[in-house]
Ligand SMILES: C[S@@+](CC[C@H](N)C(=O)[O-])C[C@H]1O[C@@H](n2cnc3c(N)ncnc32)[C@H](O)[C@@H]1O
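Shown here is one chain on its own, the form predicted on its own, set out as structure tokens.
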Amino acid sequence: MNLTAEAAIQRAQVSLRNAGVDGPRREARLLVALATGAERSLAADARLTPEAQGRLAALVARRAAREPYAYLAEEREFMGLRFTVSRAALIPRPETESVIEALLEDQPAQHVLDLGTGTGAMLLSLLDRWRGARGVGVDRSPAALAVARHNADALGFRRRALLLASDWGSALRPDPAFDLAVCNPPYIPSDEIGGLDPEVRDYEPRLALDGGSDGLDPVRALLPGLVRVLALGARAVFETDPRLWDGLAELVSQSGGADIACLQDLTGRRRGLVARFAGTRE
């Protein structure tokens, strides 16, 4: 029997609610659309083909196991662009969009460095808005870099974005070339990861989550190398947990950062930190 769209949504909704998924009806509608390939919501009495019903059953099972919807759809919109996503990289988030939007209110950069680029969302979104800019994205995960390179190609930025395998900036020459560095480092304290939502804890890469004992170990590791590649007066921008903002500000200040300012997210929390660095003339 071919289910109607409404019946399929109701069945999926029950399964998702029982699994503890937030907003189960909305998620059920998304999964029906994904299973049928519909660009918009189906009419309630539209009937699903047996093939679509099979695809829907598989998708509902995965979502009920708390796999994030973005990984099921294999894409996520960020700053108006569609990014391919996979379990190799962190899913781009609205909180990060707030950081990018704040940057766009300032003077455009010419040479952008993205440390821990993941899907490439931060770097490629900035290049999209700053048409004269070029950038370098680094990541230690070859699988994440493969995703970033795919996105750079698909969005038409491959000639303006160099993507490198590197443990933070270790593969970069100590050349003060960048007037902006952006970074969304892992910042969840190690002992808090077990308490995260299953969608994050069980599916997103721990390498992109684990910030060490206090959430700031990655920043401690990257700051010495970062300072060596920043031009005079360059900005560096970090996303962080609002609880860690003061500690992050102290680390940045100790590394020569000045004019430290806060970037707020949509809820008014201290989501980002921006600082200027004296750079080097060498």
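Throughout, we count residues from 1 along the sequence that is shown. Source: prediction; values computed, not measured.
Unshown form predicted in complex with the named molecule; subsequent notes refer to it.
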Answer key: of R134, R140, R149, R201, within 4.5 Å of the named molecule in the model of the complex (heavy atoms) is R140
In the model of the complex, the residue from A102, A208, L72, M79 that sits within 4.5 Å of the named molecule by heavy atoms
A208
For the chain seen here without its partner, which of 125 to 133, 155 to 163, 189 to 197, 112 to 120 has a heavy atom within 4.5 Å of the named molecule in the model of the complex?
112 to 120
Is there a non-hydrogen atom of L90 within 4.5 angstroms of a non-hydrogen atom of the named molecule in the model of the complex?
yes
Is there a heavy atom of T96 no more than 4.5 Å from a heavy atom of the named molecule in the model of the complex?
yes
How about P176: is it within 4.5 Å of the named molecule in the model of the complex, going by heavy atoms?
no
Could you list the residues in 155 to 193 that come within 4.5 Å of the named molecule in the model of the complex, counting only heavy atoms and keeping sequence order?
S166, D167, W168, N184, P185, P186
